[in-house]
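The chain below stands alone and is given as structure tokens, in the form predicted alone.
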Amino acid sequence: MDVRLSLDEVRDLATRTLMHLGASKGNADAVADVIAAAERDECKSHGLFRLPGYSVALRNGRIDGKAVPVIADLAPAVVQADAQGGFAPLALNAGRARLAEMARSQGIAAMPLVNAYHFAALWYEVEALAELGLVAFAFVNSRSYVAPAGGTKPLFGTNPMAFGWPRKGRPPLVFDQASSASARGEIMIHKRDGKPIPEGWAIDRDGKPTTDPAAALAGAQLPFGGYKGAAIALMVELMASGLPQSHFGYEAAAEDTGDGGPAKGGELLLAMDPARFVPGGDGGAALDHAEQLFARLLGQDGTRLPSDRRYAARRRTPVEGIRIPQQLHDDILAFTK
């Protein structure tokens, strides 16, 4: 049995739950916005599915739900967002305007995020920058879940990266993909629903291929494309945690309490102003030129642009609402009692 909710009800449920557990309104609103956006775009592995994880870590005192982020300039084109041991969304919101200002001034700017607990889809962050007219990259790591190519033990996080490209009069082009063959949450949802995972996603504790989601969660996930995905996972570790001097995946795993909540780690956002990359400052020409490429791509049967499926869901869910399993709804409500 499923429970049907409107997007406003999704946001309200998340906000009420987090505030009941001691989060400030600012932190609760920031996290609830991310959760509601994921449900709106039918990204189920990062929507209300994540709320129990946020909640138990907050209830256990592992995350400071009242943390106030500190934003500090480190260089003319580098601004640091320090979440102060709190949730990532509020710190990212707090530093975004300064990052955009630096990018417009210098052409390119970076924002390392430190002392943060990140649990959200990465497309949300680059889309916000692309909507400001900026080209954006984001890199974030997590606990060790993924074996290096040729290995059998977890070392890297699922280590997603995201890219956003602004478009005139249209939603940005955005993609967000893990360096593992699947997101961790997808395996967890398969386990919850009693479904096998596809071959090539994971290995068990003994290093043998498995389609059993429980065995996969106990073993190790695999990088996509073998050595290629593993190299990208290594790059993301260095970009997200090496540069900001935050936790690598194995360091975050060593602090894991097993409560199912987010890991403490780093993130790096890059923002570029198209107007600063051509003489005369006509960034619009770059965007117009890109549209020609998109038209060529879409001219082939069976193609679509990254994020088109999410945008279709975005138009649909405000009318149809969203559905979550009754058990997930009950689990969430238990945190409010």
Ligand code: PYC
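Since the structure is predicted, the reported quantities are computational estimates derived from the model, not experimental observations. Start at 1 with the first residue shown and count on from there.
In what follows, reference is made to the form predicted in complex with pyrrole-2-carboxylate, a form of this protein that is not presented.
None of 97-105, 251-259, 206-214, 141-149 except one has non-hydrogen atoms within 4.5 angstroms of pyrrole-2-carboxylate in the model of the complex; the exception is 141-149. Shown alone here, residue 46 lies within 4.5 Å of pyrrole-2-carboxylate in the model of the complex, counting heavy atoms only. In the model of the complex, residue 184 approaches pyrrole-2-carboxylate with a heavy atom inside 4.5 Å. Using a 4.5 angstroms threshold between heavy atoms, residue 158 counts as touching pyrrole-2-carboxylate in the model of the complex.
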